[in-house]
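Only one chain is included here, represented as structure tokens and corresponding to the form predicted on its own.
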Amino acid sequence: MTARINALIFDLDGVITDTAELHYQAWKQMADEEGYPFTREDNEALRGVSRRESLNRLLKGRVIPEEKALDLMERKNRYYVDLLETITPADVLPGALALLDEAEAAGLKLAVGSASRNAHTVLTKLGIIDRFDAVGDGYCVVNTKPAPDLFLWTAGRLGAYPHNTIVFEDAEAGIEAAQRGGFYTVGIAGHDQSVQGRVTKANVVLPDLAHARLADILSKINKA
């Protein structure tokens, strides 16, 4: 059966821009201050999940008081927000703007669905927040990815049904969330062989958006 796609929802980090390095630097600074081991490999496990779940994974089973947990999350976010000052429109990943242009020309509705509570700030820094009809972020729902709530909320803001919507994601938790919500999925695998497996369950897998064309994506979705 041919999918009638009328909306696209994009994750932010790793799809439209790459702030993974900034997240790593912020978590690393906090972890070093507290004496918690934290590597780049550890940071890969934080992709697509909430700040609370990221802290839980960083702690690796350590039990700390809630007051300290809140302090650590706030401290990490403060470091991250400071690093966001370096973001400019030049940090939009290759191919993203061209795909947005194609989608707009085709009359598709566009949204961002990101677990980040800084999504509005990042999109504003990138100069593209006005390109989207809706922005769902970490403030919009209680249950974050891999629960489908964020994408369902965002689709609702667009007036779109999941079976008419494609979600673009680079994280396993995001792909799971979208598929649990009944959405079509495009996984952005990146070029790092060690982490490409995180999006293999997507309907379509692309290395990035650099050479992505809307017609090709829709054709692959219909064959998936």
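A residue's number is simply how far along the shown sequence it sits, counting from 1. These numbers come from a predicted model, not from an experiment.
From this point on, the text means the form predicted in complex with a small molecule, which you will not see here.
- In summary, among the residues K109, K125, R131, R117, the only one with a non-hydrogen atom within 4.5 Å of the small molecule in the predicted bound form is R117.
- Highlighted residues F168, D208 and L218: none comes within 4.5 Å of the small molecule in the predicted bound form, counting any heavy atom.
- Looking at 180-188, 62-70, 40-48, 156-164, the stretch with residues near the small molecule in the predicted bound form, meaning non-hydrogen atoms within 4.5 angstroms, turns out to be 40-48.
- The closest heavy atom approach of Q29 to the small molecule in the predicted bound form falls outside 4.5 Å.
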